[in-house]
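To begin, one chain is listed below as structure tokens, in the form predicted on its own.
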Amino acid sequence: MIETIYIENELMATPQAQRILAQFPTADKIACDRYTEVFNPKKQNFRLQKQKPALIIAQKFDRHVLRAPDDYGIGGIHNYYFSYMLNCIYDCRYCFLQGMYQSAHYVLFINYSDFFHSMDSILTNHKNENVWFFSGYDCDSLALDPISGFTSHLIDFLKYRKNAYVELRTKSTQIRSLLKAPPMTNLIVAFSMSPTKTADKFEHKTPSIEKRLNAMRKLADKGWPIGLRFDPLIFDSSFEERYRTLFAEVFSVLSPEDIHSVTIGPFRMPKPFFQKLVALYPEEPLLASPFQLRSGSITYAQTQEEQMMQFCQHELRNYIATNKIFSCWTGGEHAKAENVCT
């Protein structure tokens, strides 16, 4: 899968880097001083690189954990996010990462202990309070877990920090590290889901919805709390039929007791990212949808958004309690009455 690996000079001899390199004996290994030399230059061809991305092994020196927006979360008061990896192995046509980064290469920050140290500092600032940390904003949290080994390190960290809650957002079925470990109530495995036809059309290289549901069932059987993330909602002429079918399919496999939380949110993307995405994929029908510019983001018309969100909220209440449903959406009066995760 990976034919080229860049690695920062300072990390070359570290056990963590050597363990990763050993998994790719035939890959070309190229030393660099900093990952930014490879990742940040302008005028890179993201679409071409996406065909054969390289792996960049790096370390992150600062800003390991960042405060989430004020209205981001799934019920917690103190919310933060972190990214131990940049970019995703999947190729979802609606993904904002393709508009945010110059490069399609994967950056893996292997100084995990620095991320955990930052989390500890934040926990100290919120002593005796629950704190939420979200992973999966700049990457898929589990897709490269067999290579990174991050989840095993995270589990060890969380064992003795019961007031630290972590969400791992994923479309992946790489759950072996989780299945090997005892379940933890403070580690939520949250799967992004779309109707099968929507996923087949726009979520390239991802595991099928059936395989994701199978992975969720295995985790739930072991006692792991599951998150459902119906985000972004993608509209088409059969929107209601597709999402009604998806919800029925999901809850034929999972019970309400398996579910920690559900979030729903419409397609939205900062205008500069969207413009770059259109330039990358000018032939993509999705990007020609009747979107509007509102508050700096490209999204559906407010009336359309409200109809989509209200339909999904109504349908989901047939399966799960309202207090477990969170809206990643701030538009419209209806949103003000719902849990908001934005």
Partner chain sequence: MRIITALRFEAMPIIEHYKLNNESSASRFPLYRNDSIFLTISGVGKENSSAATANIHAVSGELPQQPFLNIGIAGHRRPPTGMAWIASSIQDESTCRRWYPPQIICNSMARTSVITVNQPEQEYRHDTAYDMEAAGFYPIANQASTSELVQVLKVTSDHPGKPASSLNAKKISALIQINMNNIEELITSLQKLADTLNIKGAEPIHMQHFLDRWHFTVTQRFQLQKVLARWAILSPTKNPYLLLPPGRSNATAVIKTLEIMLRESPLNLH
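Positions refer to the first chain, counted from 1. Fair warning: this is a prediction, and the values are worked out from it, not measured in the lab.
As for the form predicted together with its partner chain, it is not shown, yet the points below apply to it.
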| property | result |
| --- | --- |
| Non-hydrogen atom within 4.5 Å of its partner chain in the predicted bound form for each of E37, F202 and S289 | yes |
| Its partner chain in the predicted bound form: contacting segment from 235 to 243, 147 to 155, 169 to 177, 91 to 99, heavy atom within 4.5 Å | 235 to 243 |
| In the predicted bound form, D28 touching its partner chain (heavy atom, 4.5 Å) | yes |
| Its partner chain contact at D33 in the predicted bound form, heavy atom, 4.5 Å | yes |
| Heavy atom of R63 within 4.5 Å of its partner chain in the predicted bound form | no |
| Contact of Q49 with its partner chain in the predicted bound form (heavy atom, 4.5 Å) | yes |
| Of K211, K197, H126, K159, the one that lies within 4.5 Å of its partner chain in the predicted bound form (heavy atoms) | K197 |
| Sequence-ordered list of residues in 260 to 284 near its partner chain in the predicted bound form, where near means a heavy atom within 4.5 Å | P282, E283, E284 |
